[in-house]
Structures are given as structure tokens and as C-alpha cells.
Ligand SMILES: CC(C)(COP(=O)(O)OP(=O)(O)OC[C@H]1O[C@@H](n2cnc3c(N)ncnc32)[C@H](O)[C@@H]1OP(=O)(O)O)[C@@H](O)C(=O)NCCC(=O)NCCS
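Here's a solo chain for you in C-alpha cells, the form predicted alone.
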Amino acid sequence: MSGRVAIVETPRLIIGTWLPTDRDLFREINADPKVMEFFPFRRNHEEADAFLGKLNGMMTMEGMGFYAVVLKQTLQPVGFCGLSHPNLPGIFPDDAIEIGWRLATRFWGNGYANEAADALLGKAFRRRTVDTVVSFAVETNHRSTNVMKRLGMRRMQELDFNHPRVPDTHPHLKRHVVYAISRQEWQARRPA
């Protein structure tokens, strides 16, 4: 696998550390208007490279951080998925865990986001300290909320919020909806 450390594997995917050769895909994702439709900005190459460096510094073997999602068959990266603390004081508790993902558009529609996110939920829930994982997206981002629903996450309307880091110049991106899944709910979805 040429230096990549796998954190978790699925039938089709390797979720693991980033390699220098993943940089072009990461740049593609961060510059694509469709991928970044619900973000107030896109990143140029230098900004994407700096963000990738930041993500590399956040990763832990326990599954925290945003990892490369790679096709097992070709070893081609398709995007990223990960677990992190949302760092939104007053909205989520400090120990909250969120799951998120982003794939290059050419890989949409194959179930890769669901497969990767489900594997990372499993990793999170096997740790005794994690009872619930949340995910959130812009209210009109139905692609992301559909992934959340397919993962078995439930809408937590009482937790919906206006994202404090979205600038006032993008009011249509402020309102975020929240979904959550508990360890028990995730386990109930496992085959007997």
C-alpha cells in the first residue's frame, strides 16, 4: 500500500492516512463548485495543501481525524471521511463527536460515503467513551442529509443552529440541521 496506514477497511474501501500522491485529489475536492456548494468558499491549491497538512496533524490511530478514502481495487483516493470534535461551544458539548465526509464528484453515487462513514461509526462506537455521534449540514444540502438518513441517523431538530463561522455574506448557508445516532441505534442496525 506504499506507506498508507489503514485505520479501518470495508469490502471496497481503505480508510487511512494520506499520502503525498493524494494531494491532487484533495485539491480537486476543495476547488470543485459542486462539492463546495454548501461552503462559503473554495480553496486554491496553496490553501488546500495547507488544509491537508492540518488534517494530517489531527489524525489518531483511534480513528479521530479526517482520513483518505481509497478504493481497495485500484488504490485510487476518492475523498475523505472522519470523526472530530465540532469545536462549536454553546452549540455542542466539548466532548461531542461529529462525523463528516467529502468525495470528488466523479465518485458520487457509488455508496462510498455511506460505506466509509458506517465503518468509522463502528470504530467510534467500539470505544467505550463514545455514546453518540452527530453530523450536521446546511439545511438545503440534501445529498449530505440523505447520507445521514441512510446511516440510521435521526434528525435532532431541537439542535439545529445558525453556524457562527459562516459569514453574513452567505445567509443561505447559515442554517444547519443536526442528525445523531447512538451506539445502541448503530448496533441495532447490525446483522444478527
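A residue's number is simply how far along the shown sequence it sits, counting from 1. Predicted, not measured: the structure shown is a model, and the values here were computed from it.
Beyond the structure shown, there is the form predicted in complex with the ligand, which is absent from this document and is the topic of what follows.
The candidate spot formed by 17, 26 and 52 lies out of contact with the ligand in the predicted complex, as no residue has a heavy atom within 4.5 Å of it. Interface residue among 127, 150, 155, 42 relative to the ligand in the predicted complex, by the heavy atom within 4.5 Å criterion: 150. Among residues of the shown chain, residue 111 is one whose heavy atoms approach the ligand to within 4.5 Å in the predicted complex. Among heavy atoms of residue 123, none comes within 4.5 Å of the ligand in the predicted complex. At a distance threshold of 4.5 angstroms between non-hydrogen atoms, residue 166 is out of contact with the ligand in the predicted complex. When the ligand is considered in the predicted complex, residue 141 lines it closely, a heavy atom lying within 4.5 Å. With the partner left out here, the ligand still marks one of 155-163, 66-74, 142-150, 52-60 in the predicted complex; by a 4.5 Å heavy atom cut-off that stretch is 142-150.
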